[in-house]
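Shown next as structure tokens: one chain only, the form predicted on its own.
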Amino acid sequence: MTIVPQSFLSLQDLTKAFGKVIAVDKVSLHIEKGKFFALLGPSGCGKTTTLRLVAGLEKPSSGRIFIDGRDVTALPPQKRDVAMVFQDYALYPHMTLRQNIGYPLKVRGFPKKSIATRVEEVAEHLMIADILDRLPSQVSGGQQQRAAVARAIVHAPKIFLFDEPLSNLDAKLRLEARAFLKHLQKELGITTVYVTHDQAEAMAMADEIGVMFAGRVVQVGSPLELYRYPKNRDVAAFIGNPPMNILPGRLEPKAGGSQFSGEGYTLFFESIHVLEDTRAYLGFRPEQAQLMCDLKDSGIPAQLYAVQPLGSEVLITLLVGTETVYVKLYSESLPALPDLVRVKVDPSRLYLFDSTGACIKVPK
């Protein structure tokens, strides 16, 4: 007997194979109604394929998809009541924006008068009412993006599906579009699944994030949960801007705890106990580190590589052995830096990962 999930969108052991390549590997997700959910991961991890499976553009090899309690696994796209915005917006070049936006209603057989009214309402809402009679080639990238969103929301779908819709915009437009999409989603209250490889984008917009690697969702949580409590080294190295610094070393048992030995430094962890000498990884956030210019100070020895002023902040790039380390400081507190420095981190702010990559210590 099938147990229908209570969440609004539910994926149960969803798998998609292309020949011998498994693009999506037993993915299970449960997304509540009205939530903005981001599917985050590097290129090729299976996130777009997962989105296409939800949309009905791909057929799963196994597993099931439920929308609002209904099994839609075998339904064609037009019967799922979802709307998808693609990376390239997929606007018809020979149609005006008005025709593009109204097209979903036209194929559903809506009367012309109703289509015209609805298109005007949506266009006014998205501030593109004055350019409706232009072709896509005659408007900016930001206006094309809004037209693609207008076409998606014109028939009030149950679910929005966004496939990296901001990647073609410049930095300023991307920032504006992030705020616009987040505000619009909250205003409309439509459940949204948003695919991106940009962790800053996911953290800024989503209520909840699923981090995906090699076809599998390895952790789901709020942006703050993923930032503070990464489940493993992959998640830790992917979340944050810049992401967490992770340094290899050895962890060995000592009386009362364990000692981590890295490139030219050692650290003692009272709360960690291991039975034998093992490979491990030390982690810390760039914004939680200090630079010590006196080599007599304790800390991790590092060589200065680059200084990048970012306005109110400065990003310092260092080398610890052959590993790159980032430290983020306020511009006002930046001293003149020698070639050799020490990186100091409050022990309570340090992370530890075991040889498998699993997180075994998080900050208090």
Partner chain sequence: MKRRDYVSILPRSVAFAFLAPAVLFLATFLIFPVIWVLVISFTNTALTGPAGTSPSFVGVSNFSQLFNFARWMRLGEFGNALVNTVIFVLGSALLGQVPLGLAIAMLFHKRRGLSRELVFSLATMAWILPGVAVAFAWIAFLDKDFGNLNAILSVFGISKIDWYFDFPLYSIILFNVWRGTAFSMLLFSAALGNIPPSFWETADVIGASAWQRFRDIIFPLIRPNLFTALILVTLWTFNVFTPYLITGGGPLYRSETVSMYTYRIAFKFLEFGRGAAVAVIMMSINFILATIYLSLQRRRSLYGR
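Positions refer to the first chain, counted from 1. What you are looking at is a predicted structure, and each value in this text was computed from that prediction instead of being measured.
This protein has a second form, the form predicted in complex with its partner chain, left out of what is shown; the following refers to that one.
Engineer: Only one of these stretches, 167 to 175, 86 to 94, 266 to 274, 180 to 188, has heavy atoms within 4.5 Å of its partner chain in the predicted bound form; which one is it?
Structural biologist: Result for this chain: 86 to 94.
Engineer: Using heavy atoms and a 4.5 Å cut-off, decide whether Arg52, Leu57 and Val107 all contact its partner chain in the predicted bound form.
Structural biologist: Spot residues vs its partner chain: full contact, yes.
Engineer: With the partner left out of view, is Gly262 within 4.5 angstroms of its partner chain in the predicted bound form by any non-hydrogen atom?
Structural biologist: Gly262: no contact with its partner chain in the predicted bound form.
Engineer: Is Pro223 part of the interface with its partner chain in the predicted bound form - any heavy atom within 4.5 Å?
Structural biologist: Result no; Pro223 lies far from its partner chain in the predicted bound form.
Engineer: Taking any heavy atom pair closer than or equal to 4.5 Å as contact, tell me whether Gly141 reaches its partner chain in the predicted bound form.
Structural biologist: No.
Engineer: Taking heavy atoms and a 4.5 Å cut-off, does Pro77 contact its partner chain in the predicted bound form?
Structural biologist: Heavy-atom contact with its partner chain at 4.5 Å: present for Pro77.
Engineer: Report the residue, out of Met244, Val195, Val82, Ile128, that has at least one non-hydrogen atom within 4.5 angstroms of its partner chain in the predicted bound form.
Structural biologist: None of the other options qualify; the answer is Val82.
Engineer: Suppose contact means any heavy atom within 4.5 Å; which members of 140 to 172 contact its partner chain in the predicted bound form?
Structural biologist: If the 4.5 Å heavy-atom criterion is applied to its partner chain in the predicted bound form, 140 to 172 yields only Arg151.
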